[in-house]
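Next up: just one chain, as structure tokens, the form predicted on its own.
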């Protein structure tokens, strides 16, 4: 069991104020990640065709990095797409966008993450309808991800970002209702701090369902710059035999380098003793 480190690189102009560590291009992000000793980068791209796959592979290889995951959130942030919107044609567009990101990530050996693209219910769409739309999309997209030998990663979000699935246990309930078994959960420590009564206990209890972890503090700053007990969280990750990435989806505060450095220092302290 080896937990590996990762850091986020955002190349979406519309998300420059978002909680990603590096925002100044993929080459710059990879260089800094490698210099600090990260194992991988998590890439947030505006679209699938924004990356030249062969060039990206070469860039990652030149820095000794892997691609930990790729985000689909630009579908919402840049294009206003959602998997649970009332309009069927727009849901199809959302699904096609995610499929394209799954393929992009799959060609890099990385899973795609569905977070904000899950949308929310309200107005014309009841909770029951929204959940049915979401299950249908996850079944289809999870099977598509399996063609690239990677899972699809679904992220429960806090109550202020979605009203669909907020806790890891609710995420497990959703996964168990699917026909596909190629979907895993993203346990984001920031969201869990809002929604879970005991973060470490939730990680232990649902270990087999978790495929990716956002390693970030209570205030969405780097690990160690908020109030969370990372000794307990790290112990739960180790004891539950989590075998994936601890990825920093954090604000670049006080600046990107400092946020990345704080993350890798925390990671080494807890996982490389």
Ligand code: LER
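Positions refer to the first chain, counted from 1. Worth saying up front: this structure is predicted, and the values here are computed from it rather than measured.
Omitted here: the form predicted in complex with this ligand. The next part is about that form.
- Shown alone, this chain has one stretch from 99-107, 78-86, 131-139, 183-191 that lies within 4.5 Å of this ligand in the predicted bound form by heavy atoms: 183-191.
- Note on contacts: among 150, 200, 157, 172, the single residue with a heavy atom within 4.5 Å of this ligand in the predicted bound form is 157.
- Although the partner is absent from this view, residue 220 contacts this ligand in the predicted bound form, with a non-hydrogen atom inside 4.5 angstroms.
- This ligand in the predicted bound form comes within 4.5 Å of no heavy atom belonging to residue 143.
- This ligand is not drawn, but in the predicted bound form it has a heavy atom within 4.5 Å of residue 116.
- For the partner-free chain shown, just 249 of 234-269 comes within 4.5 angstroms of this ligand in the predicted bound form, judged by any non-hydrogen atom.
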